[in-house]
Each structure stands twice: as C-alpha cells, then as structure tokens.
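So this one's two forms of a single chain, laid out as structure tokens and tagged structure 1 and structure 2.
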Structure 1
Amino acid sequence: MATPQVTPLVDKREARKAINRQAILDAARLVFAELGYGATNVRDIIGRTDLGSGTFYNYFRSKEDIYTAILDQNALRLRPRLRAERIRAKSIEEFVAGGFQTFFDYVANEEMMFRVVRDQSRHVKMRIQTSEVLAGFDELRLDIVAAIGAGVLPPVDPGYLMAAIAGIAFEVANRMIERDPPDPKGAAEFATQLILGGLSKMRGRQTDE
C-alpha cells in the first residue's frame, strides 16, 4: 500500500499526457502529409484520435504550433546526427558521404514526412522549411566554412555549396521515396560522387590559378 504509489499517480498522468500528445502528433503528421497545411483542419486531426476537439488545445497552442512542431521534430532529430557525422569525418570523402548517407537513411525510414505535400489546391506541391530546418542549413554552411579553413575543402563559395548539397539532398530524396523500394544507399552514392567529383574539379581550378 505504501511503497507502490511513490510516484505512480503523477506518473500515470504524465504517461497519459505523453501518450495523448504523441497520438495527436501522429494524427497530425498523417493529415498534414495527406492534405497539406491549408486544407487540414484541427477537426481532421483530432478526429483520427479518440480525444475531444477541445483537448487539442491542452497540448498545442494552435494549429500552426503543432505544424511547426512536427516539422521541427525532423530537423531536431537529424541535425545532431548530421553534425556528429561531419565532425567525425577525417577526409572530404567522409565529410560528404557520411552526411548524405545519414540523411537518405532517415528519409527512407520516415518517408511519410518527406513526401511532397499536396496543397489544398490538389495541384500544387510544396516543400516546407521551418526555422529549424533553416538553422540546420546554416549549421552545414558553418561546417563548410570551417572545413575550408582547415584545408579539408577547397575554397568554394560556402553558401552556394551548402545550397547545392541541401538541394541535391531534398530533391534526390524526393525521387528516392517514389521508388519501390527506396534505395538510400544508391541515392547516397550518387549524391556523394556528384559532390566529390564537383569539388575535385573546383580544387583543380583553384590550384591551377
């Protein structure tokens, strides 16, 4: 009687809260992926849950709130992994290959979240970049700057290189998840060779001058 309930009451509540929050998040993920932000309404979301509509606002401040929460979640999970990969890298090859491999693996596993989203118009597709995603972009740029400083990378334009890497990553990932089955290894190899080959040429040019 005494020992068992040290925290259980609170725990139970906390557990329930966590479960509910996750249930809402999962439902929202699905609906946003299906309909896009504009066409999704919170009743769609809460409807895929066994919760009441009012409950939504116990967990999220607004529709927008949960939207960015979901998007950020990806960036927040990915960024540390990508970061770690780049820091671990001992050569330019590892720097590039490691990042792409991590990214494509993640996308292949969570492909639902990356499928290009259909807007309410049903004719328009879009790709979304939250501030977290953008922060991840800048993180990459800074690492590029550092790598250039360390001589690991040739002195290319860091902003453009970052953009190129990100563009390739997202766009090739898009193609990848449309294939059956998705082939993250193949995609990573392709992207890596492209970037490495490109950089080697640039290095050449630099050295020539």
Structure 2
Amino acid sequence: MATPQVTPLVDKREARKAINRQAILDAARLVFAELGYGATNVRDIIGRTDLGSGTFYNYFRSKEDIYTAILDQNALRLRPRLRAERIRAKSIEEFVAGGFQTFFDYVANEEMMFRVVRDQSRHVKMRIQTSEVLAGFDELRLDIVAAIGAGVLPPVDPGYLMAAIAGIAFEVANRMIERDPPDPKGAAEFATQLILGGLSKMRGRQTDE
C-alpha cells in the first residue's frame, strides 16, 4: 500500500491550528493574570486575539479546559529543567538546591500566572493537579529513588521526600512573590537548608541504628 503523502496544504492548516491555539493560550494567561480566574470569561479571552468569537471552541471546551491546558503547558516547560538538575547532581546539596533554584527562578518569571494558580487553589475547588503536573511529581519521586540507589541521597521514604520538597517549594514560592522584588536565590537557599537539615538528622539516626 502506498504511503499517504502529506500535502503542503495540510501542513499549512496544521501550522495555523497550532498558531491559533497558542494565541488563545497566550491571551488567557494575560486575562487570568489581570482579572483573576473567577472574573474571566471566554469573551474576555477571545477578545485579546484576532480570532473570531466561535474559534475558541474549536480548541477548548470551556474556561476550565484552557486553564488546565495552561497548567499542563507550564509543567511541560518546567519539568525538563528540573530533571536535568537532578540527574546531574553528584551530592545531596546539588540534588536539592538545583531543583529549588530552577523552580523559584521559573515562578519569579511567571509570577502573575503563579498568583492565579495559588488563588484558585485557595478559594475554589479546582483541579490544579493535571496529568502533566502529576507526571512531574512522579518524575521527582523516581529521581529520588535513583539518587538513593546511587548513594546521592540517604535511604528515606521517596514518597514522603517528594511530598516534602513539593510542598516546601509551593509554600515558599507563595511567600517569595510577596516580596519586592522576589528573591529566588534567597528562597532556594532557605528551602535547601530546610531539606538538608532534615535529611542530615535522618541520616544520622539511621547511622546510629
């Protein structure tokens, strides 16, 4: 059977779809940051683009759908950077500090959208743990398991350590963005020392045992 040929017309159509989808995502980021999730409607988003009013529904089902897509896009941008830091780590401090510094730098650059996510998680029961966000948590857990196996981290519970790192990262980021200007370096140093102090105590306890 002959292989179907992709025509330039099909390529052009797919490229246009990708451009339109990204234009809607970019507009949604701006509107969510300006108005907040609750006050935003689909008309506000599409009004920030050059697209027709019905075009939105060719790509997204609802306001919640595009919000979820933004969270997934954020996770897809951040996850490779975090993994690269963890994989290259040769010590506990490098493993912990590299991830925190990367995360806090990203939050500082995406401050307005982070505020939207934070406010939504506080005031409205919305799914902020999307498939890509959850995949990022699982990557962290697997990298912890690998680091324990390589002797970089002490033999602690990977799930608990993953939850501790993720929880500290999110809560410290909440405080960091309230400072003027935000201080990613200071936030990373504080969070790193907090985790390292706990791991040091646990390693000492395991050695005593």
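Just so we're on the same page, residue numbers count up from 1 along structure 1's sequence. Definition used throughout: the rigid core is the maximal C-alpha set that superposes within 1.5 Å between two forms. These figures come from a predicted structure and were not determined experimentally.
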**Report entry** Identity of the form predicted together with the DNA, given as 1 or 2
**Finding:** 1
Report task. Could you tell me which of Ala69, Glu171, Leu30, Ile177 sits at the hinge, given that one rigid part rotates relative to another between the two structures? Result -> Ala69
Query raised in the report: Rotation (°) of the smaller rigid part relative to the larger between the two structures?
Result: 23
Query raised in the report: Once both forms share the same rigid core frame, by what distance in Å has the CA of Leu35 shifted between the two structures?
Result: 5.4
Report summary line: Core-superposed CA shift of Thr49 between the two structures, in Å, is 3.0
